[in-house]
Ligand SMILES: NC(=O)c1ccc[n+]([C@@H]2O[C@H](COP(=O)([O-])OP(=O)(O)OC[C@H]3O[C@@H](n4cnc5c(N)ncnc54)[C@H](OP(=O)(O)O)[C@@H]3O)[C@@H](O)[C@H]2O)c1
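Below you will find one chain, with nothing else, as structure tokens; this is the form predicted on its own, and questions on how it binds or moves follow later.
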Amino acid sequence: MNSSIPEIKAFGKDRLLKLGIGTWGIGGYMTKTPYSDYVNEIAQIKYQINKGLTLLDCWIAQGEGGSLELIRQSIEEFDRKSLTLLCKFDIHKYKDINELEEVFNKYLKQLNIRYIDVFQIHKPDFKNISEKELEKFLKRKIAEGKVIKFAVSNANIESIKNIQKKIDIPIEANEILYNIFNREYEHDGTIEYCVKNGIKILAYRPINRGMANIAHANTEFANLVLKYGVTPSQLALNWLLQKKNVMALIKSSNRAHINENLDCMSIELSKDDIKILDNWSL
């Protein structure tokens, strides 16, 4: 049984483990859509798994649950133990612990799995379900072998400290909006706190829209693109992935874009160039 999100200590031989498969929009966003290319969505998830990306982001709210069906079909031919399924729970929307139980069982049924690798709070808001209620629920699921690890999403430093104080279960990861443009969680100290406390950072939207135009807008960035022979998106993603304890969830149903993302791992930025990008802004 998988024990955790892959352990990443360096940007060395296991560099592909720094990437996870995002699934935002497959089968529809918050409602179902008949216009998704389901066959292609499944094929591209399988392709990424075969390329070594074994962490999959799952959210039952997408496509009114339809995205889980596509994920199920994508993973059924693979060894379950080789995969890490991160499942989001909107506890701020559930009326009580019984509804949380219902959603939990839906995940197991729709994904056709016996356990969830990473139970993730989608938003750290405990207005209906208290921290102690959640702690009791999770400890029971962990004892039953139905949950392996606990994670959070969109949590700032204060939210994380509150959870650590009230829930006696280690936080495996914090999924946040983080890319070369969006560094709010750097500025408020959240990322530094997570790294110091062994909490992995899962960056969603690691490549912002409009990345292809960045090199035309900034000479400093353009020079690095030319120096390393990569695309602007590859440079931005590589910069992110070289950071300690940071992983990225990438979503694409386009084979060319997937390969572009994977190929970003073929270079290693110098310390001086990382520093330039650390201090860079558009």
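Start at 1 with the first residue shown and count on from there. Note that this is a predicted model, so its numbers are computed, not measured.
This protein has a second form, the form predicted together with this ligand, left out of what is shown; the following refers to that one.
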Hey, in the predicted complex, does Ala236 get a heavy atom within 4.5 angstroms of this ligand?
no
Can Gly210 be called a contact residue for this ligand in the predicted complex at 4.5 Å between heavy atoms?
yes
Although the partner isn't part of this model, could you tell me whether Tyr204 comes within 4.5 Å of this ligand in the predicted complex, counting any heavy atom of the residue?
yes
Glu260: heavy atom within 4.5 Å of this ligand in the predicted complex?
yes
Of the listed stretches (127-135, 149-157, 97-105, 110-118), which one has a non-hydrogen atom within 4.5 Å of this ligand in the predicted complex?
149-157
Only counting heavy atoms and a 4.5 Å limit, does any residue of 68-100 reach this ligand in the predicted complex, and if so which ones?
Lys88
